[in-house]
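Take a look at this single chain, the form predicted alone, given in structure tokens.
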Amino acid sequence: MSVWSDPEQALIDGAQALATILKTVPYKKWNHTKDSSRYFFKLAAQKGLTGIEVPVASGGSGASFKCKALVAEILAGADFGFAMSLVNTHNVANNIARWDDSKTSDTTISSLVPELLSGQKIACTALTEPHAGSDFSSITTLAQPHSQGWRIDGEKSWIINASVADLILTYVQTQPEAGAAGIAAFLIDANRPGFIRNEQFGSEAASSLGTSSFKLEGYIARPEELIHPAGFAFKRALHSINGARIYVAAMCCGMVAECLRIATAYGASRQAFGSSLQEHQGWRWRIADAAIDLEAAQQMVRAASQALDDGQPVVDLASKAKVFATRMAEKHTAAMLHAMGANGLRDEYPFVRHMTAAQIASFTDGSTEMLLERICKSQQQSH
């Protein structure tokens, strides 16, 4: 059992309170107004959830990664899309807060942190492109030296928050044909000329993700907006992706826990063939299977989170946690819907949304197939 500091416990309590509110919102509302994201971001900001890991000196809580993973788990039980959206903004705030450029005294970039922490601005990170998904080193969006800094041209796709984001930490290539060694990361202002936002990808079941794509055509980035230079950015991104795999696994746990809670309560009251559902052995075993797998996934998340906080290698732990948790979510969100019968399809329940989100989780931050290959390689090296 984790022992939380007072600030961390306040964040966990805040996440639980926000999740209670999110559960009352009809998910189709997110399709009709962008104000949904901004409204809930401000609520999250009031509870400190936009600055979980952000250093105290920069206005955040300076909490542990395992606290962030638990907050993500709690929020995903209510709405996976919003949980991912919030964590994405938090990660950019944390990146900027920890950014240190000894070559310039410019404070413009660091001054953005308070706006992110307050929920005034929404942010995201952009890696993937139309022809570069899990193969991150093959991105082609190009940044070239310019008299005012850098000119950037290219397209990013399947970016969470891109439909509403004000700031985007964007990974680009600075040396064609250099692969990983040439990748750098710039902070992009979505309100500046040269930024072209595309329409949000249509998916009612995951509309709160705000997933979209954008183009950069002659976009000019100032020198101080180079947050991670070539030679460092790729390694920084891989570190972030390992963390993302852990909190995505935690989110899968949150979704299954909520589905299990609802189905268990339903089974106590729903009558079938003269007795409640929970009195039927076959029905009970379905619940038990979900509870067993959920506990196993949560233990894997905790182990990986603790290793990351301790500065230990997490590539293998993060990969295994994500593969197991996403598979667990794919299986048991559907199983819990079936435990509810046809009533599980009603919009008032999260089963369909969580089933869709489980599929999304299996794609993001490294597909299951890619991670299986990585785990296999690690296994071979250890023997």
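A quick note: this is a predicted structure, and the numbers were derived from the prediction, not measured. Heads up: residue numbers just count along the shown sequence, starting at 1.
Form predicted in complex with a small molecule: not shown, discussed below.
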query	finding
Contact residue in the predicted complex, chosen from Leu75, Ile183, Leu209, Val87 - any heavy atom within 4.5 Å of the small molecule	Leu209
Residue among Thr140, Ser110, Ser134, Asn198 with a heavy atom within 4.5 Å of the small molecule in the predicted complex	Ser134
In the predicted complex, segment of 285 to 293, 256 to 264, 118 to 126, 67 to 75 with a heavy atom within 4.5 Å of the small molecule	118 to 126
Proximity of Trp158 to the small molecule in the predicted complex, heavy atoms at 4.5 Å	yes
Residue contact check: Ile12 to the small molecule in the predicted complex, 4.5 Å heavy atom	no
Distance check, Val25 to the small molecule in the predicted complex, heavy atom within 4.5 Å	no
Contact label in the predicted complex: Ser367 to the small molecule, heavy atom within 4.5 Å	yes
